[in-house]
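Provided below as structure tokens are two forms of one protein chain, presented individually as structure 1 and structure 2.
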Structure 1
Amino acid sequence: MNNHQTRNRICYTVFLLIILLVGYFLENLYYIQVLTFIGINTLLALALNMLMGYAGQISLGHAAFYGIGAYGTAILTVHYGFSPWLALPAAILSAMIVAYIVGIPTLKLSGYYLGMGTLGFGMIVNILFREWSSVTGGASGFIGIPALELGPISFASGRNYFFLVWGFVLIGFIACQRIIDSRIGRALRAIHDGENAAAAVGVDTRQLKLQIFVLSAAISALAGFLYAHLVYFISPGSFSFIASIRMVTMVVIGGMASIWGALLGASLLTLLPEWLHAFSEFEMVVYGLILMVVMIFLPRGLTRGLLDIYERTRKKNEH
């Protein structure tokens, strides 16, 4: 086992211990709820980071897959009486199929054109959620989503749901880390640095981009499933263009091509509305300013930016 693998195991062990300690000893249910939302947003940031940070593919419509996961489980459990645990793989599979179909033509684009293509897809899906009222509830929203249960264990309580969400986050981190450290991860970074150069050395760029797009959609749909069964009510506004921009902001702020950056970005962007209630009408302006400041002063994101500052300070002290 090399140093990198050892360090990762230590990090994930410490992360697991923190989850257990917080879950068992934190008594305030409001704080537990906020931390649960941070976990769901971490999954969203992780999903988009795999696509943007490692593969270098821009997506401005990723909230559509988040919505497919949420509406998929809502429709199957409420309209057709499915168990939520059976609705989970069905919702994820639906998002993956849609991502595959959309990704074939869309991922032929690059740069701003890819961003516009994914933006259009996201808007179409959001309009579908809003207008197909007989199935989705329309603009009024979808109510009656059941709580999750597993035998005698109910996930209606905040503590149990906290452990469920963060358990999925830990699994997502480990799975994505394995991909990043594998041959596929090296190929993804090659595509990010230069797609033509990667293709020239034998990387099947078209197939790999499509695969990571589908994986990203699956993780986003999982987050949508968890969100729907946490709040029991969903509406198109939760999966709008602003939601996609919020996901991009999480990735950029936390640091692209960083697993832990997804956690940091999701934490900040989840807590920010709690601190800035007075500026809720200027949400897009606030996100835009945050992006500008981070891109100017910490272009590699907070995670890598803070590590760079630490390294410079350490080397300066050594001299």
Structure 2
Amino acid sequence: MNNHQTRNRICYTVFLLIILLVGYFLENLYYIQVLTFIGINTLLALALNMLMGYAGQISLGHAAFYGIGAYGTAILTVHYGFSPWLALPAAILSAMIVAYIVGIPTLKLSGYYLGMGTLGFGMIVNILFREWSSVTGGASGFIGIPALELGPISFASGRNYFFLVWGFVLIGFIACQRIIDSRIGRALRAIHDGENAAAAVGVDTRQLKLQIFVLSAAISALAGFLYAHLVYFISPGSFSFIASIRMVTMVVIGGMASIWGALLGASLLTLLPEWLHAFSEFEMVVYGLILMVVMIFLPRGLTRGLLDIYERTRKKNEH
């Protein structure tokens, strides 16, 4: 266990160093921007992975919380003149409250019904963004979200925003790692291994799932906040069903129940459109194929799946 902790410490220190080095020395601002998006997506993947990977509960409507974070800060800063730094906790809190209220009945469902329930919830929130145009700007979107500033530091420049986003990613990683290594995390993994046995040792599975659902919503809302102040303009399309599916795809590729997998999944899914020319035409076909192929052949995700295959071929060659 101590080994495990030292190894984690080294990992996170290296991670911090890489962030600092890339942030200071990468010249190309376009790449900085792409990396910033990867950071935001990593937060999303991390949030959903806590729910799907560790608590074993699927959500096909998680973009709703991402959207609540983004629209929350947009509405508060533009309509009510809040400082973004006040809007941040307010937006996160709203997402948490919504998650709590929705979570109580939804998390009683399991399997397909949970999938449909969360899907329906995501759709309703998206319809709300689209139809409540006096507040959200409707289908045409919400313009004029202010840039972030902290005293003399402006986050309008790509580099500072990069540090801000990746700072949150680092904090998010460490926080989630600590949860997983704690009493709560053990109970979560216990639910995953066997819900009956978990209840039999005294784990209140319902309450725990709800807590993780709320936590997951909070991280998603944080990502939404960061997204809104990065692009200054948001529209319902960014938080639609496809956005929820994109989150699921990131988790599935990276591997469920893996913190670093979130980084891998988010990176691949952000970079894929950059690499594949004319990707947008094929975006959905590619996501769909990825989801099916990974789930059929590598249900433990890309990283572990490939490692498994490597192990197997090595063993075969030894014989």
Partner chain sequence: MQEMLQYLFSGITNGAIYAVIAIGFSMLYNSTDLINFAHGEFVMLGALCMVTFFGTLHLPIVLAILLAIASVAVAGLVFERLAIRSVKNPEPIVLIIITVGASIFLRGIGMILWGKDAHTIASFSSHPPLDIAGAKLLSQSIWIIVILLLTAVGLQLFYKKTLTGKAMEANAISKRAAWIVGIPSKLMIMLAFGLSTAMGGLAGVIIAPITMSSYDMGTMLGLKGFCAAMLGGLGSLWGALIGGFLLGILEAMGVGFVSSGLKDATAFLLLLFILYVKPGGIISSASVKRF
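FYI, numbering is relative to structure 1, first residue = 1. Definition used throughout: the rigid core is the maximal C-alpha set that superposes within 1.5 Å between two forms. Here the structure is a predicted model, which means the values were calculated and not measured.
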Pick one: which is the form predicted together with the partner chain? 2
So with the core overlaid, does the Cα of residue 24 end up 2 Å or more away between structure 1 and structure 2? no
Superposing on the rigid core, I want to see if residue 295 changes position between structure 1 and structure 2 - specifically a Cα shift of 2 Å or more. yes
